[in-house]
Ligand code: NAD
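So this first bit is one chain, no partners, the form predicted alone, shown in structure tokens.
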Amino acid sequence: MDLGLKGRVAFVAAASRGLGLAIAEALAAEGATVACCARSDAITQVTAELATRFGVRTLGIVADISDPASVERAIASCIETFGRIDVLVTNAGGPPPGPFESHTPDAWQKAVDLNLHSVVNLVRGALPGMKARRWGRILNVTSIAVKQPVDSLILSNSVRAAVTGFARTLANEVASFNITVNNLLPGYTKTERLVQLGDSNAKAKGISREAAFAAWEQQIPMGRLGEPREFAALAAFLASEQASYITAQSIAVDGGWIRALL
């Protein structure tokens, strides 16, 4: 299926590894021009490799998306280089795990800055151009925790739920401009973030990382952890021309882990 992404310009946040990188790869494979940002200067090598592999234009931008000024510079750099942003993928690493008592007010503020304010600021930068061109796709990478809270992830459970409310409201505001807004909910997927959570869970329960992973797999009807490419495939479709009537949704890629009806 041709997703109609050739010639589109995508901006993918936190794309040096994990889910962000997988999404950037999926969009580049469809012929999209891809700008990626990350805190590490490794992002320049990552984007150079994408350009070589897929024959598309790319841009690597070093930016800390928890810093509003850094976000503004990153968005401006993409627009200056490629002229616009058609597809915006907001994404960030998750806040640290732990029970309520373990998180200071500063930890809460950092979680809000990283996982909520970053989304708002990225959208603030990209949305005016989308509205002017009357076309856009906004994809927010959140978590299965917004539909079924995950134990020991109180920061993520709380802040990502706020992103869901923001996105659901924004979707109504921009629908008449042919702009869709959707949330992508990764389940237990093989990334460095999952290793971090596995180690934390293992330490708390006095078990090995492998045992922690096995316990998660037992909760998943498909009986295995997800692959980043499986998650990225949904992002590519939601960014496409074919997905033009899908908006205001929070869609899980979790192997059936969420037990809710909706």
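Because the structure is predicted, anything quoted here is derived from the model rather than measured. Just count from 1 along the sequence shown to find any residue number.
Keep in mind that the form predicted together with this ligand is not shown, yet the notes after this line are about it.
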Give a yes/no on whether residue 63 approaches this ligand to within 4.5 Å in the predicted complex, heavy atoms considered. yes
Residue-level question: is residue 136 within 4.5 Å of this ligand in the predicted complex, judged on heavy atoms? no
At the 4.5 Å heavy atom threshold, is residue 101 in contact with this ligand in the predicted complex? no
Does residue 92 reach this ligand in the predicted complex if we count a contact as any heavy atom within 4.5 Å? yes
Judged by heavy atoms and a 4.5 Å cut-off, are 108, 154 and 200 together in contact with this ligand in the predicted complex? no
Out of 39, 205, 224, 229, which one falls within 4.5 Å of this ligand in the predicted complex, going by heavy atoms? 39
Of 141, 122, 78, 163, the one that lies within 4.5 Å of this ligand in the predicted complex (heavy atoms): 141
In contact with this ligand in the predicted complex (heavy atoms, 4.5 Å), from 127-135, 166-174, 78-86, 113-121, is stretch 113-121
Residues in 185-209 close to this ligand in the predicted complex, defined by a heavy atom within 4.5 Å, in order: 186, 187, 188, 189, 191, 192, 193, 194
